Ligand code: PMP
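Before any questions on how it binds or moves, here is one chain, the form predicted alone, in structure tokens.
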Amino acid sequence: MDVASLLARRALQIDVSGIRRVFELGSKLTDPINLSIGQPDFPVPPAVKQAAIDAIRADQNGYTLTQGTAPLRQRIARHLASDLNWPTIGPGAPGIAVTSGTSGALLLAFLSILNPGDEVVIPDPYFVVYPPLAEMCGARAVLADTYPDFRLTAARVEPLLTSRTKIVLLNSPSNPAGVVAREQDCRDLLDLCRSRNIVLISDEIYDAFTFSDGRTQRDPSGHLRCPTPARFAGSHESMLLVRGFGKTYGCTGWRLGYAAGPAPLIEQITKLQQYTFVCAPAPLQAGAAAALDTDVGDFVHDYEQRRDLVVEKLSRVTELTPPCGAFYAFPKVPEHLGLTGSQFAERCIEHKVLLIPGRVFSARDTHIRLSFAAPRAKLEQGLDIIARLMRP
């Protein structure tokens, strides 16, 4: 049987993630210095684990409502009211759907909004999943060049808008650069999208990982608050907010996220989830509800110190926009080396340091992405090797 001749174009036109290729290379090395994986290296907080364990033991292991359990959605609604001042009840209250990770939320949102031939504007560099999601819908991802500061601004987006543009996608704090959007940029993007009847999707999977760089605010409890278009009045009526639990609470394998925004859009996301993912993992939703009552400030502070170490060591040898959130840095490969990002990453692999080439996230191949979600000793060792390889 010629199975290859039966495969769909939507599958064939999507390449295997470059991140996965690096993982495969790393599996062949003995004791590598792995700065490639975007996964927290701290354990799931005990209260979060216990809530999931209790749910399993209480036999909460069947299907939930497609949009998620009522306790978790109510807890999310209270969290959004506290953090963003979004309403929790009434005709104008946002809809909420618990999804199988933030990737699940984005896929369902794209499927709900995009028709074949439509366009979605994304930043370049971008998270690897964004262009394939558009392709799966028969749509096109239009790249907004954000080099060298990696800020997605209305001025950079507006010239790219056409009659086919349905979505503008903001990722802050960003992967791969760790850049946090400025408050004015958030306002301008929201106003632009409103004026053009375009859905602004704010992918905020790293919202809790925002560092004290002077542009952030603090909530009444003293925790840093990430700038977001969702903080402006009426935003819940015209934008889609996507957040998750895996990165913030160290439970990436639980595959839990949520989408919140205009009720008509959430209704379609929920309907499509019914016929795809069915629902997010049932007992783990109890863990997610407990997570929203868990303080991860100590973890964030530790990552900020690691960020400082990255900036200290690499800014001496190359161009680096200091990350203000998430746990990534996106340094440029020095031009004097005469190497692309891919070639430099290969050179690092020869020294057992695993990085991701910039071309995995971009139309350019001039940078590398490193994750500082790694044990401090390994991080320091890897940074020393990278810095040495970057020097003239």
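Keep in mind that this is a model prediction, so the values were computed, not measured. Note that residue numbering follows the sequence shown and begins at 1.
Omitted from view is the form predicted in complex with the ligand, to which the following refers.
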Which of 98-106, 81-89, 289-297, 228-236 sits within 4.5 Å of the ligand in the predicted bound form, heavy atom basis: 98-106
Heavy atom within 4.5 Å of the ligand in the predicted bound form - residue from Tyr303, Phe127, Tyr147, Phe277: Phe127
So which of Tyr206, Phe110, Tyr249, Phe211 reaches within 4.5 angstroms of the ligand in the predicted bound form, heavy atom to heavy atom? Tyr206
At the 4.5 Å heavy atom threshold, is Asn171 in contact with the ligand in the predicted bound form? yes
At the 4.5 Å heavy atom threshold, is Arg151 in contact with the ligand in the predicted bound form? no
Please determine whether Gln285 contacts the ligand in the predicted bound form, using a 4.5 Å cut-off between heavy atoms. no
Decide whether Lys313 counts as a contact residue for the ligand in the predicted bound form under a heavy atom distance cut-off of 4.5 Å. no
